[in-house]
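Here you get one chain, nothing else, as structure tokens; it is the form predicted on its own.
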């Protein structure tokens, strides 16, 4: 019995999170979201919401954590794959674009709320992106030729890569489902931008 109740509770928690993601995808900011209407959308009374989250802000932070944790896992797995050098960049960009398209609701939430009106969500998203940069910088520092780079310069190149990918994410979200040809163009453009960044790496004198 206890197990069934826990399962139902977890199901309701998941339903609330999914309902919030869908509302953001329809253009509603998280700040303007109504707790009452959100609860009604999953067939619970508003007071039952507090069995799952302490507040709307807590719900938002849970969404940020889920979105970024899943993305970090995917990025880590992509970096660990062994492919011929000529295929690494193209394959990585294609894999990432497919992941964005398959998780459209999550990425829409992150892209919109990083400039949204809820300060706690903005800070959590920025902290998550900063962590991506830090982890990528650490990985880059293991490459031959970069072991002598300063930590500051490694973070700089990692930041350029993450900024390029973030910009591409917004373009994919805008084009996906409406202008599929634009997604292909964005894929090629993103690959070129990243290739340009990486071509400059051997010529940079760190420190």
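Since this is a predicted model, take the numbers as computed values, not measurements. Under this definition, the rigid core comprises the largest set of C-alpha atoms superposing within 1.5 Å between the forms. Positions refer to the first chain, counted from 1.
Separately, the form predicted in complex with a further copy of the same chain exists; it is not shown, and the next lines address it.
- The contact with a further copy of the same chain in the predicted complex, taken as any heavy atom within 4.5 Å, belongs to 157 out of 59, 38, 67, 157.
- a further copy of the same chain in the predicted complex comes within 4.5 Å of a heavy atom belonging to residue 197.
- For residue 182, no non-hydrogen atom is located within 4.5 Å of a further copy of the same chain in the predicted complex, even though that partner is not displayed.
- In the predicted complex, no heavy atom of residue 54 sits within 4.5 Å of a further copy of the same chain.
- In the predicted complex, no heavy atom of residue 104 sits within 4.5 Å of a further copy of the same chain.
- Contact check at 4.5 Å (heavy atoms) against a further copy of the same chain in the predicted complex: all three of 32, 167 and 193 pass.
- Across the options 168-176, 59-67, 137-145, 39-47, residues that bring heavy atoms within 4.5 Å of a further copy of the same chain in the predicted complex belong to 168-176.
- Residues are counted as partner-facing when one of their heavy atoms sits within 4.5 Å of a further copy of the same chain in the predicted complex; in 15-30 these are 27, 28, 29, in sequence order.
- The Cα shift for residue 146 between this form and the one not shown, taken after rigid core superposition, is 2 angstroms or larger.
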